[in-house]
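Only one chain is given next, in structure tokens, and it is the form predicted on its own.
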């Protein structure tokens, strides 16, 4: 059995925007609280024996600190980073290009509205499509699970994994396990994966000679840090 805790990063230290591939810093104070609480969980027993992280700083910084403080192996997986929002990625909504009183601003807000209403069909300019994002995350997740079960050469199979990731990544993983339609805008609009929340998944392989995995979602979106 492998238990995986999917923890979304804390709020970022930036103006409201679509932060996908933009490597924005996390809130320093909230990151400290997240690290403190994760470390407290670690010391209460059933400790994590592997930490996995997205390469982006809002996940990687706290993952690295946690791994160092708790002497836990750390693995960075590039393919687990958030979706790339293209030309709109990291651009604050109060930027001149989003000014409501201009033709360009009206055009950009119309693009955003179409994207929010139908993210599977209304890809933003120069952005990663939702289909490509889904394929990337599902593939990365499958490879991660297989790598855990193929541990050999005297290396123990990890039993509890802490995975620092992004809201979009966690939604796609949950959709895959629960067999939800990743194209449905409700998944992205209504499934709340708050900052500094944890969702937990258990993976078992009942028949050791088979590669058939059984997944169970234990809970979704429980707060690790209580923030206003």
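Computed from a predicted model, the values in this text were never measured in an experiment. Residue numbers count along the first chain shown, from 1.
Just so you know, the form predicted in complex with another copy of the chain exists too; it's not on screen, but the next bit is about it.
The partner is absent here, but in the model of the complex a heavy atom of 191, alone among 67, 61, 191, 203, sits within 4.5 Å of another copy of the chain. Residue contact check for residue 220: one or more of its heavy atoms lie within 4.5 Å of another copy of the chain in the model of the complex.
Residue contact check for residue 186: one or more of its heavy atoms lie within 4.5 Å of another copy of the chain in the model of the complex.
Taking the partner from the other structure, another copy of the chain in the model of the complex has a heavy atom within 4.5 Å of a heavy atom of residue 178. Proximity of residue 117 to another copy of the chain in the model of the complex: non-hydrogen atoms within 4.5 Å are present.
Stretch 178 to 186 is the answer when you ask which of 24 to 32, 50 to 58, 159 to 167, 178 to 186 has residues with heavy atoms within 4.5 Å of another copy of the chain in the model of the complex.
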